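Taking the form predicted alone, here's one chain by itself in structure tokens.
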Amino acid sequence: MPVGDYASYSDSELIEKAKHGEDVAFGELVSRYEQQVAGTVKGMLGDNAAAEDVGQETFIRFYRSLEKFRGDSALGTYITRIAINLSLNEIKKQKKVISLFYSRDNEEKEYDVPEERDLENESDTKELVDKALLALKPEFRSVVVLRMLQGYSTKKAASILNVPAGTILSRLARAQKELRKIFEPFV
């Protein structure tokens, strides 16, 4: 096998090689998981520069924690947990910045919910879904992203978010109720 051809290696083999300084092995791990991280982060933050930054920071944090990774969970789960945590930190940071510009007397509304309009094409539908996700509270949004967009099981989502499975089910039900309200004018 040619040097640097890591496509056939398992995640654990690549992690060991990356721990020993093989940057190409780490690059292969990034290639394997960049779409998953991008989907998670964009689902949490929207498609913007902050999401790109958080996506990059996810892999930086993963690289720095390679020595600590024990393999107790699947690598995809571990990286997704980093992405979710960094996304939640970014949401908190954005809320702090926004609060500097609004008085506490203003009605609390995290994001604008899209106005009713005719959805003629796929990009309109995608824009509506993105805005609807951003209208959810972060704890609901993270569950929707993990369960409905990334396809994680309730148990896996609970593990990633470090909450009981019942909390995942409750948050998902509440998020779906909120999303139905948002989408009602379009149905």
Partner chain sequence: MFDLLIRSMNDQLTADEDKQLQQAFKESSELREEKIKLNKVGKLLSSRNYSFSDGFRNRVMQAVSDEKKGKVISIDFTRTFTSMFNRIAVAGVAAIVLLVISLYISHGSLNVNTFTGVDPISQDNLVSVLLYEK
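Numbering follows the first chain given and starts at 1. Please read these numbers as outputs of a predicted model, since none were measured by experiment.
Only in words, not in the display: the form predicted together with its partner chain, which the text now covers.
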Even though its partner chain is not shown here, does K95 get within 4.5 Å of it in the predicted complex, heavy atoms only?
-> no
Exercise: L146 in contact with its partner chain in the predicted complex, heavy atom 4.5 Å | no
Indicate whether E139 is a 4.5 Å heavy atom neighbour of its partner chain in the predicted complex.
-> no
4.5 Å heavy atom contact, R64 to its partner chain in the predicted complex | yes
Listed by sequence position, which residues of 47-72 have a non-hydrogen atom within 4.5 angstroms of its partner chain in the predicted complex?
-> D47, A51, E52, G55, Q56, E57, F59, I60, R61, Y63, R64
